[in-house]
Every structure is written in C-alpha cells, then in structure tokens.
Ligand code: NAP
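As a starting point, one isolated chain is supplied in structure tokens, in the form predicted on its own.
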C-alpha cells in the first residue's frame, strides 16, 4: 500500500497487506497463489517498464529456456500451443503477460519502480519499501521476488573502461547496433553465449569467443513443432504425461551431479559422444573446448548449434587469458592484440551477491551484513531477524537440472501457508526461529558432500567456496520439505496494532 496507508480492518481483524518486489515468474506466481487464497491486498513493484523479470531483459538473439516449455510454466496454466520444445524469449514473455492478465494482476503492478531500500518497523509491524525516486510503499508482509539472475556481472579486466568501440552485456542487448560486417568479441562462453554466438556468427565479419574454461555439452533439439506434434497436447492425458516424463528425466540430471562416480559417468559418456561427434575432424578445437573438471560441477549446457558455429571460418575460439582491454581491442597472455569493433559481455549475473537492495530488519539488522559470508535462509525463504519477510528463488533454491518454476510454485504455496497461520492465530508478524534456520542450513550444506558441485569453482559458489545458489537435492525433496509448513518452525509475534485498536475502542 502506498504512502503509509495501512491494511483495512474487517470484522475486527486486520486484512494482511502484501508487498512483492519483482514481477517475474516468482512475483507473478506469489500474487496468483495469494489472491486465489483470499489475500486481496497485494501490490507488486517492478523496476522494469513491464513485467517479465529476466525474460524482459534477456532479449539477445536465440534467447530461450533450457527446460521444455510444458514444464517451464505454471502447472495450473498449461499452454498447449507452444511452437517448439524449449520456447524462445518472446513466446515466454507473451505467456507471462497472458497469465498476468487472466488473473487480474496488471492493475497490481507498479512498473518503472526500482526499490532501493526495505526496512522493518517494529512498532507498526510493517515493512516500508523506498523507491529510487523517493516513493514509499508499506505492507505487513514483504516478498522479495527479484531472483538470482537479475543483475548483470561485468568482468574485472584492466582497461575495460578505455575501450572506444561499442560494448554491452548480453542481458542488456543493444538491438540498435548492427553487427553485420563488424569484428565482434564475446567475453564468456556460458549459457547465454551458447545461444547467441551462433546467431552473431552469421552476421559478423569476424567473431572472437574468449573462453575461460570449457563446458560439458548435451544435445538440444529445438526445431519448430510439426503440425502433428502441435496437435498432440490436445489429446487427453498427453500434457500430463509430458510434464511427468520431463520431471523424471531432469531428476536424472540431478542424480548424475549428486553421484558423479556412478550415475554421473553415464551422462558424461553421453556428453562425450555428442561433443566428439560435433567436433569430429577438428582435434585442435576439441582440445581447446574440452572441460578439465567433473561433469556436472558447472552448469551443463544444452545446445546443438554452438560447437558447429565455432567451426565457421569467421569464428575464432580464444582460450589464452585476457590480460587487458584497450581502446581498440583485447590483449591476451600470449602477447596477441585482438582488434575488435564491438565487445559483448556474456559474463552472467551477480548470483552470489544477494540482495540487490538494502534490507533492514529488526534492530537495524542489515541483510547484506547477515549474508556477508554467504546467503542462507530456511528452505531458501525465511531469515531470522526479518519478520514477515520471504524470499523467492532465494539462497540454495536454484536447480542444475529442473525447472525453477516448479520451485517457485512450492515457495508461493509455502508463503501462503505462513500467512494463513499468521492470520488464523491473529498474529502481527511471523518469523523463523533462529535455531531452525541454523540447523536447516547445516543440513543443507552437508548434502553437497560427495557431489560434483564441490569439485570445481563455479558461479554457484562464493569466494569462500560456500554454495549459495543451488539446492543440493532433487525437486521431489524440495516438494517434501515445503509441502506442509511446520508451525513449530516459526515464532508468531502478537499483533500490536490490533491490541492498540482494542484499547482505543474501550
């Protein structure tokens, strides 16, 4: 609610007001779940000009999801006319707009509203969010739905600011800049790069791809559906079967990461066969690309076009370390200077540096300070000293093989249960118990032992080596852990506002 206004009282009970930061899949999913369960006082703040989150910003050529669309979508909103197995960015964004309109969320979203700070008022038992333009919004409950993939990360390379050509991050693609006939350098070879490099390679006069480490690749068929295939989802039971099949299939990817010496060997052999086939007749390129770490330690990349693109005559893979960027290009450790007209940073996101804004809880406690040595939260959602605050797609809820939307739906339902508990008990706030959060974090981190995740450095880990992004188990495990909220895990704080109202009425 804006400008200090408070939730309404109905029949002596205050209606719980909810403020959601972020209108991506998480924020939209939370709003739908809460509104369906009777929480009407919901508002969403979005920094961008429209909803969509990462699917609004990531518009690079070839942008698409890695998970089949019938699983990378809300279970209760199954679209049966996807154009291909893994939908492209425009189609996903269109789906999000359709869902938002259907559930009446558009009037709840305030766009162009980047939030700078959120602070808890102990006396009022409310959160106040302050936007960069000074606007303030208050609510009883705060849901941070900004996710892990919302802030581009730029490389720390000497001289990066001296480059005189065009430069942009892949998550902020410059569509006004024609790349045809230009010398282009792509710094990074991760999940975004493998999607747009094949497209850029078709346009650029010369394309240099700077790779720090190799990746494990798997085949990805993603041609448009034929007419008979498009008709299949309309048959009874087909859509449910497809979702179930994908669920169990991607769980096997997680199994291979959790058990690298057994299940991991099987998928690794499949990856080896695929990569050798695509790189046949190119032994030097294969040697450059071949990863030197355990299969599954870093994100497994699904593409059937990236490796062939690197074999084009106008494309060069550079594996020598970058030492400097100057006005006209990139210098590498072998002494070469690579002249380029345009730099594209495919260097991912600030995944371990959460949160994106300043969050202040009880007694001025800073969430940034609490998470200084690595973000942590009970089931990725709740943190002691931050009453009535919930995080979606928070610490240790990323998935290496599954669908994040599966996690988001579970989180939305869990948060709804917490708010129902608070409302049924007439509480003013709800807060996870410190010992519960500490114990769950210890247990969670212990589950990484023996897995591939610990066998190399990756964007899943912070500087101290702690894995702060990924869930260490299966999707089914997260469902079991979050399906039923345990009231004993939380402390319910008395409703001070209601007590004051009763006193005034007397």
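Residue numbers count along the first chain shown, from 1. Note that the coordinates shown come from a computational prediction; the quantities given were computed from them, not determined experimentally.
Heads up, the form predicted together with this ligand isn't pictured, but that's what we're talking about next.
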Only one of 77-85, 139-147, 192-200, 114-122 sits within 4.5 Å of this ligand in the predicted complex by heavy atom distance, namely 192-200
Whether 361, 367 and 466 jointly form a contact site for this ligand in the predicted complex is the question; each needs a heavy atom within 4.5 Å. no
### Message
in the predicted complex, is there a heavy atom of this ligand that lies within 4.5 Å of any heavy atom of residue 64, even though the partner is absent here?
### Response
yes
Under a 4.5 Å heavy atom criterion, is residue 39 part of the interface with this ligand in the predicted complex? no
For residue 188, is any heavy atom within 4.5 Å of this ligand in the predicted complex, or not? yes
Query - residue 319, heavy atom within 4.5 angstroms of this ligand in the predicted complex - result: no
Assert contact residue (this ligand, in the predicted complex, non-hydrogen atom within 4.5 Å, options 212, 175, 434, 248) equals 212
Exactly one of 423, 183, 305, 299 comes within 4.5 Å of this ligand in the predicted complex through a heavy atom, and that residue is 299
Those residues of 345-378 with a non-hydrogen atom no more than 4.5 Å from this ligand in the predicted complex are 346, 347, 348, 349
